[in-house]
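This document starts with one chain, in the form predicted on its own, laid out as structure tokens.
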Amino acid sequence: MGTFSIKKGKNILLKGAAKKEIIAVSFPKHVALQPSDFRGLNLRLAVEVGDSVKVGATVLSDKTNPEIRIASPASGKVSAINRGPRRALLSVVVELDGRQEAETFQTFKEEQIESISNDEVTSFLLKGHLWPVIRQRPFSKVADPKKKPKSIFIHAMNTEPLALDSECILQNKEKEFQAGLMILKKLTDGDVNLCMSEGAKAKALTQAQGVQRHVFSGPHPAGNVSTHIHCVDPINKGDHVWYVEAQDVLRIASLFLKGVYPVERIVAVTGEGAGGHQVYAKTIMGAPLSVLLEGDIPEQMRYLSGSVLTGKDVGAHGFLRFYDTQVTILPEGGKREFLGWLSPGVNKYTFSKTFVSSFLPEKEVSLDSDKHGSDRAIVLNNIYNPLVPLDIMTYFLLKAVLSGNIEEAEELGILECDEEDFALCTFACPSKTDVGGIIGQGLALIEKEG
């Protein structure tokens, strides 16, 4: 068992935390699958508008690896296929019939899991449409079933603002979680690394067997997958490491034990804009945000699937993304303050010493979507490095990516990273630079060039 104390980073104490009480919300009338969620897959349609589908029926499949398929989380009728510029596939919407009829697969008893082979696990996850929950580094894309990882990481903690507490969803799920861990252990000759926060009390985590348990403490991004990999089993060129969310470990176990594609998702509904609906909502994959808010859609709000640092603006009538376990609703910005730069800023939030608030005791803050400034040229300073715990010189990595110098970017450690690791840099940057977006462009270029 490893214990790691992360010093670099910063927690954003945002108002609007969800109550740690799981509440079932209304069943949605529509759900959506969004192909952009599945990095690394070139998806083609397996359905047309008007087709009837069951839970677990194939909706999308990968052109390169047709055995990797995306399933419908609900039974009903395909009501819309939305496309963007150049006919890019944006979403597939299913109108629910309320019956939740499901495709059925083989079932396994708990004692049978010990004797399942690697090939059987891979084949069943592919057949059961649950392979996409396994992602790989580098590139944070859906894992390649034809390759074996040197290790697998279970992401059982999250330090993003207002993030879902994994321990809450693992309560009384010890047997299912252990079964999921044993299934994943079949996929690698290396270790399965279970990463949890300091002080974790859930028995599913503290009493997990057959895995390497690691405890992390410190500010965000202590809970990021990249931080865990960097500390426990760093990636070298040519290596592949897989990772799975704790909630998806339960889904893997459910597929094997019950023989039905599992669609349940616990989501933290957070942010000041959520009104009185800050709860842990039990819903299904791809649910609309309006259901999570029980139909209460306030105006002048920013609706994010994900956190304030890494979430995507999906709009008031958007849908939950495949990998997200959090929804954040924030007030929209746009209000101009006369000579605001002259004010002492007692109630303004800052990462630097710009305002008086930085010298006052830290407290929960209200934030909106404003950038509070215009885009400027990047200036060499030391604001990035204290926020990135990875052994990376962020400023010089940005220069390498912007100049298209792939070799230098690799030498500076870009293959260990993902966009989310630089979200704090984007948030704090005085130049208003999308640091994470630039890193994402660099990773995309390296993957394209091979």
Partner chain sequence: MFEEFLEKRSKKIRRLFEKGKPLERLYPLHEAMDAFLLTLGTKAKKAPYARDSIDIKRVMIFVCVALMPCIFMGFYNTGYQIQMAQGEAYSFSGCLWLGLLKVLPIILVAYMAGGFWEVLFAVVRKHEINEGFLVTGILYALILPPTIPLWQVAVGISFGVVIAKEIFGGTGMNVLNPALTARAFVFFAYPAQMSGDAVWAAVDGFTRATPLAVVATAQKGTSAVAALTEAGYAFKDVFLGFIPGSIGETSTLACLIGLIFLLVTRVASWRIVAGCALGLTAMSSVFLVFKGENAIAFFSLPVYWHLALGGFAFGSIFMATDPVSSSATEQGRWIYGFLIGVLVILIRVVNPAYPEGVMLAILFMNVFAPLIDHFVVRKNIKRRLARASGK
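What you are looking at is a predicted structure, and each value in this text was computed from that prediction instead of being measured. Positions refer to the first chain, counted from 1.
Keep in mind that the form predicted together with the partner chain is not shown, yet the notes after this line are about it.
A.B. asks: Go through 322, 139, 124, 349 and name the one with a heavy atom inside 4.5 Å of the partner chain in the predicted bound form.
C.D. replies: Residue within 4.5 Å of the partner: 349.
A.B. asks: What is the one choice in 336, 86, 109, 146 with a heavy atom within 4.5 Å of the partner chain in the predicted bound form?
C.D. replies: When the partner chain is considered in the predicted bound form, the option within 4.5 Å is 336.
A.B. asks: Suppose contact means a heavy atom within 4.5 Å; in the predicted bound form, does that hold for all of 308, 354 and 413 with the partner chain?
C.D. replies: Yes, because 308, 354 and 413 each have a heavy atom that approaches the partner chain to within 4.5 Å in the predicted bound form.
A.B. asks: Even though the partner chain is not shown here, does residue 114 get within 4.5 Å of it in the predicted bound form, heavy atoms only?
C.D. replies: Contact with the partner chain, no.
A.B. asks: So in the predicted bound form, does any heavy atom of residue 432 sit within 4.5 Å of the partner chain?
C.D. replies: Taking the distances in the predicted bound form, the answer for residue 432 is yes, it comes within 4.5 Å of the partner chain.
A.B. asks: Are any of the heavy atoms in residue 393 no more than 4.5 Å from a heavy atom of the partner chain in the predicted bound form?
C.D. replies: Within the cut-off, so yes.
A.B. asks: Closest heavy atom of residue 296 to the partner chain in the predicted bound form, within 4.5 Å or not?
C.D. replies: Residue 296: no, not in contact with the partner chain in the predicted bound form.
A.B. asks: Based on heavy atom distances of at most 4.5 Å to the partner chain in the predicted bound form, which listed stretch, 71-79, 209-217, 256-264, 312-320, is the contact stretch?
C.D. replies: Result of the contact check: 312-320.
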